[in-house]
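Here we start with a single chain on its own, the form predicted on its own, put down as C-alpha cells.
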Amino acid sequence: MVEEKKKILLAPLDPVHDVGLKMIRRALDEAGYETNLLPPDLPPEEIVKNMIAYKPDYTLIGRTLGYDVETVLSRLVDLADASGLRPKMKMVVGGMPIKPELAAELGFDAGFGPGTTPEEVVAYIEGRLEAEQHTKVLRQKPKIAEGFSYRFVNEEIGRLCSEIADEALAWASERTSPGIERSQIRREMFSLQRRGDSAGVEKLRREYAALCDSFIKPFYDLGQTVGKTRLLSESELAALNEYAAEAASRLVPRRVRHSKERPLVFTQYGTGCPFMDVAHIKVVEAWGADGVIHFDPSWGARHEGLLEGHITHEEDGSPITPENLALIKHSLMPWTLWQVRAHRGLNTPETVVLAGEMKADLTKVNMVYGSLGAGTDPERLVVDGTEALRLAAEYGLPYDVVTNEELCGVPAYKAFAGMLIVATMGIKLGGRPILKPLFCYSPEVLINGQMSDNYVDFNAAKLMALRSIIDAPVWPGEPVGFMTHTSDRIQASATTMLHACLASSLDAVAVTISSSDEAFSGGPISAASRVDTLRAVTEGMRFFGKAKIQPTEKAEEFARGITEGIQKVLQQVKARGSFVSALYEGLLGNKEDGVYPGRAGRQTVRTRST
C-alpha cells in the first residue's frame, strides 16, 4: 500500500479503446491509489474540465488509434497548460503509436509504448522508474544454479559416478599440458597488468608464445594475424563504442515469459565481427533474451594458443581474446547473463581464465563431447577439462555440461553417462554444473523412431530421467529444436517455440534457442531471424503460461530406458577402471554411433614434475 493516497485520473482519448487503461486502473487500485476512469471518446476540452474538478496528482492518457496523434495530444497539453494545471500534476501518455521521444516532444512527463505492463506504470508513479527510462524493465541478473543440492537421488548411479570421478581426478592431478601452462601464464599476465608491470607482462607474453603452435605463434613473434582475421581500427572501435552506448540508452526490453520466472532464454552470438556481435546482442536483449553465449571459431579449439587484440573474423565464430571479451562485456545490459564457452579444445583452461577475469557469468566444460565429437584428444581434454573445472569453481563460474548428441548418433543414455561423470568431477572440485541435454529430432531418433508419434515424449523423458538421478539444474540446448527445423522460417520459429515451451512445462532453469535461419542460412544470420524466434517463444510462453504440456505414458517408459542405459554404461566404465581408456575404447560413444577419439593435442600430456 502507498503511504499517501494519490489521485489518478485515467482518460482514454479514443472512440472505444479503453482496455489498457482499465488494466492499469486495476493495478493502481490494488496498489492503494484513488482512481477515476473517464469514458472513452471525450474531447480534450472535456478531459481538462475533469482534471480541474478532480485535481489529480497524475493524469494518464490512453491513445490506441494512430491518426492525428500529435494534433490531438498537443491540443490536450496546451489546454492543460492554459488552465494552470501542469505545475500541479504529472501528465503521462501511453498506447500503440506512442514513443518516449514523441511524448517528451509533445510536453508529457512520460510516454509508454507498446508492450508496457500495468506494473511498469505503477512503478513509475511510485518513483521506481526514472521518467526518461520508464520503459526499461526493472530486472535483476538471475542466479541460474542456486537452490540445488546436487545430491544423487539414484544412489547406485551416484556411487558409480563418484568412483569414476575419483579415479579420473586422481589421474588428471598427476598430469599437465601446454594448455594448462598457458592458462597459468595468462592468469599471471592479468595480475601484472593490474599492477602496471608492463615489462613483466611482455616477458610472460614471450613465454606464452613459446607454448603456441605454428598457427598462432607468428602472431606474437611477427605480428601476423591469422588467416581471415584482422585487427579493428581505432575509428572502428570508436564507432562501435558510440553505437553500443546509443543502443543501450534507447533499448526497451520486452518480457519473454508471461507468468513464470523461468526458463531463462539464451541465444548464441558469434558472427565473427565484434561490431555485428554487439548489434545482435542489443537486438536479442531488446526482444527479451536473458543471456547470450559466445560462439568461437572452430580453429580456436584445434590450435595451441589464443590471440590478443580487437580482432574481426570473416567467417562464423568470434575469436576469443581479452580485448574482444572486454568489449562484449562493456556492451551488455546489467541484467544480461553472459556465457563464454570453453568446453571442447586445446585452450579450455585458458578460456575459463579469460571468462573469470572478464567477469562472465557462466562457462561451458565437457570433456566427453569435446573429445569424441569435437576433435580433441581424450587424454588431453580430460587433463585440461579437469583444470577448467577447478578454475571455474575458483572463479565462482557455474558451467553447463553439454551433450550435443544431435551432432552424431550417440544415444542419449551414453551421452548422459558422460555428462554425469563430468558433472560429478566438477561437484567434487566445488563447482556448480548445469546439465544440458538436447531437445531435438536427433540422429538417435531418426534411427530408432522414438518420435514417430510426437516430439514431446522422448524430449521430456530426457529431463525426467535426469531428475530421477540427481538434484541439479537442467538447461536444454544447444540450441533446442536443432535438426527439427527446416529452411522455412515460420516452421523453424514454431518448432523453436514448441521446444522452448516444453522446457518451460518441465520447469527447466533455462533454454537456448536459435534464430530461424541458423542452421540453413548458408551465410550470415540476420537480426530479423533472431527476432522471429524470440517473438515466437514470447507468444508460446503467453499461450501456455503456467499450464503444462502433458507427455503420454510412453515418456515414463523412455525415461526408465535412459536411466537403465546410463547405469549400464557407468558400470562398464567403472569395470574398465580408467575414464580416459573408456573414452578411447568407445564405452561412452563409438564409431558406430558416429564418434571417435579426437586427434588435436595428442601426445602433449606429460607427468607433473614433483
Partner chain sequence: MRSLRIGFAGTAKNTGKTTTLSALMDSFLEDGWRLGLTSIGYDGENLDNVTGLPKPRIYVQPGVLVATSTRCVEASSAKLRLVRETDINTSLGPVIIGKVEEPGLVVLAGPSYSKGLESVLLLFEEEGVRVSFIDGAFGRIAPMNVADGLVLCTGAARDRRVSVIAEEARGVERILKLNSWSGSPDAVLPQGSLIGEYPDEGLLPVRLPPRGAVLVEGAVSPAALNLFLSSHRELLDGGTVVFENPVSLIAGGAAAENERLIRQFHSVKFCVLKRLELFGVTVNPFYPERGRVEGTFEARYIDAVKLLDVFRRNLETLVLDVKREGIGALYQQVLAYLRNWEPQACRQLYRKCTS
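Numbering follows the first chain given and starts at 1. Rigid core: the largest C-alpha set superposing within 1.5 Å between the two forms. Computed from a predicted model, the values in this text were never measured in an experiment.
Just so it is clear, the following notes concern the form predicted in complex with its partner chain, a form of the same protein that is not shown.
- Residues of just one listed stretch (101-109, 217-225, 413-421, 236-244) have heavy atoms within 4.5 Å of its partner chain in the predicted bound form: 101-109.
- Among the residues R230, R86, H258, R205, the one placing a heavy atom within 4.5 Å of its partner chain in the predicted bound form is R86.
- Distance criterion of 4.5 Å from any heavy atom to its partner chain in the predicted bound form singles out D81 from the list D488, D81, D197, D166.
- A residue is said to contact a partner when one of its heavy atoms sits within 4.5 Å of a partner heavy atom; A559 fails this definition for its partner chain in the predicted bound form, lying far away.
- Contact between I52 and its partner chain in the predicted bound form is found at the 4.5 Å heavy atom cutoff.
- Although the partner is absent here, E30 is not a contact residue: none of its heavy atoms lies within 4.5 angstroms of its partner chain in the predicted bound form.
- In the predicted bound form, at least one heavy atom of R75 sits within 4.5 Å of a heavy atom of its partner chain.
- Interface residues of 29-51, taken as those with a heavy atom within 4.5 Å of its partner chain in the predicted bound form (partner not displayed): E45, E46, V48, K49, in sequence order.
- Superposition on the rigid core between the shown form and the other one places the CA atom of P218 less than 2 Å from its counterpart.
- Core-superposed comparison between the shown form and the other one: the CA of F558 stays below a 2 Å shift.
- When the rigid core is held fixed, the Cα atom of V284 travels less than 2 angstroms between the shown form and the other one.
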